[in-house]
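Quick heads-up: it's one chain on its own, the form predicted on its own, in structure tokens.
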Amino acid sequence: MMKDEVYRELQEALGPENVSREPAVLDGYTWQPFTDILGLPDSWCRYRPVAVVLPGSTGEVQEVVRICGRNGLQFKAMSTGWGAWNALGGENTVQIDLKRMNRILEIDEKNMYAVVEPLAICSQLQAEAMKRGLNCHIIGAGCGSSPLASATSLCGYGWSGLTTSYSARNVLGVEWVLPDGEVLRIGTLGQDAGWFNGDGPGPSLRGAMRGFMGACGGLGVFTRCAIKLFPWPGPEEPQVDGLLIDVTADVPDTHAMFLIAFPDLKRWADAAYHIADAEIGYIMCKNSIGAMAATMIPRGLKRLTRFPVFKEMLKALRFQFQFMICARTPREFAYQKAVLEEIVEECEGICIDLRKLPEMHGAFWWGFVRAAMPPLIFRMGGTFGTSYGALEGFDHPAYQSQEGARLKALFTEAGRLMDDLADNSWGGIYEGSTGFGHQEELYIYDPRDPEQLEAAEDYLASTLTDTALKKLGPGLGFAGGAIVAEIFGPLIGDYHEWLRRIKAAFDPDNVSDPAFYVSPDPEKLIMQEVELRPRMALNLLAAGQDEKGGSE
């Protein structure tokens, strides 16, 4: 419960129209998708905020943070607010909704970066960048996501990662409201030298700021940041009509998309390395055959998987990826296509040129460039989850995809999860010649079906256990809340203790909600988790004990 005088303080700081504790408004912030990872299948979070505030500037964010600190309240910031990661970790918490801070503040064409506020979304930034011959990275969550949120506070790879890297690597100067209300500007911004570098001069704080997964709201509020932009060899204003798979688009003659399949996993991974070495292509990403069918023909996939012969035919194409060339000139296009054909031949693959299917080609071209297709993944079951996804040399993600499919087949063959042909890994190589990337394993289920909900929880636990026992490295499953750090930290260099030191240094009073970061009181957290989601907690604790015993 918030005292009336505290509520009035917030109103005076932001204006009464930007503060609310109306029950219906608070309930609106209590519903989030993907809460099944918290053991909450109906999407209603455990804790309702005591108030919702909408600051419109960095100064107003500072005011809110200080009011919370003075009055024994916690705060949790959100931007687009899609997912359980916006859920509050306890009572007496103020939800900071940053939707009023939605501007693109600057696009520096010469130095290829943009400065954005929290709710300047990817489609908004991409449209403006393309007018200047540039493009931005868009994560797999799609073009409605916040580039600031994924760069500073979470993680994310997108279809164009071959060219545009991924969000954690693209963040430059950052403006950061710390849990005590002070503003910290990191990188060159902190030296009044502009936004162009996130690291210097002097010691870099990027690692403390976000690490691998980001603090998910547990270390203050990020109010502005600069992110890298990349060359866009396409039209300044693409001519597109329609939505999702009903899109029609004028595709430039020097752009083309291909579907390429290989006989086995080794030759699939070899081809990815060759493409990285050759530095060709604009997009290289695996959307599995199961995922393609689940998004394009969900009812058809349900019927086809009833027949073993059709199922095996589809699975024969599981070692595949989609590849897009976006060249500036016909000569460059011809060169890249010739190199691609050599690689496909060497790795004994087959290549389907989607330009022979013009309607599909236009929809896929825009769907991949704009990252407009992610909503389709909800068609088959209503929701989905993901796991694995460690960033490594590409042999390692290839192995993870194999592991994910092996484990998932145990669930799909038993009818516990929807049959997406088991192999539903997604991702690709980052940054061309680096040769590293990720593969995350998606799993589709109906959240209205209690048995599938239970299976989804068991599958996620089994992938995390597999990750720990085989030392596959942190992946996307590690965004499952602070409990995950306590379970797997001891197995991975005690990273949870380092997070706790960072938390104590930046937020000694624990004002910034740490529910998806690290808990200052791990024993209390573990007891709560065992009580609130016993199946997941006990599975993970058993895995941790198994590994500890094995190592001893």
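All values reported here derive from a predicted model rather than from experimental measurement. Numbers for residues come from their place in the sequence shown, where the first is 1.
Beyond what is shown, the protein has a form predicted together with a small molecule; the following relates to that form.
**Student:** So which of 227 to 235, 147 to 155, 362 to 370, 297 to 305 is the stretch with heavy atoms within 4.5 Å of the small molecule in the predicted complex?
**Tutor:** Of the options, only 147 to 155 has residues within 4.5 Å of the partner.
**Student:** Against the small molecule in the predicted complex, would residue 221 count as a contact residue? Criterion: heavy atoms within 4.5 Å.
**Tutor:** Output for residue 221 is yes: heavy atoms within 4.5 Å of the small molecule.
**Student:** How about residue 80 - does it come within 4.5 Å of the small molecule in the predicted complex, if we only consider non-hydrogen atoms?
**Tutor:** Answer yes; at least one heavy atom of residue 80 falls within 4.5 Å of the small molecule in the predicted complex.
**Student:** Is residue 506 part of the interface with the small molecule in the predicted complex - any heavy atom within 4.5 Å?
**Tutor:** Contact with the small molecule, no.
**Student:** With a 4.5 Å heavy atom cut-off, would you call residue 327 a contact of the small molecule in the predicted complex?
**Tutor:** No - in the predicted complex, heavy atoms of residue 327 and the small molecule never come within 4.5 Å of each other.
**Student:** Is it the case in the predicted complex that 34, 86 and 216 each bring at least one heavy atom within 4.5 Å of the small molecule?
**Tutor:** So, yes: the whole triplet contacts the small molecule.
**Student:** Give me the residue from 436, 378, 335, 310 that has a heavy atom within 4.5 Å of the small molecule in the predicted complex.
**Tutor:** If I apply the 4.5 Å criterion carefully, the residue I get is 378.
**Student:** The small molecule isn't shown here, but in the predicted complex which of 411, 384, 282, 319 has a heavy atom within 4.5 Å of it?
**Tutor:** Going through each option in turn, the one that passes is 384.
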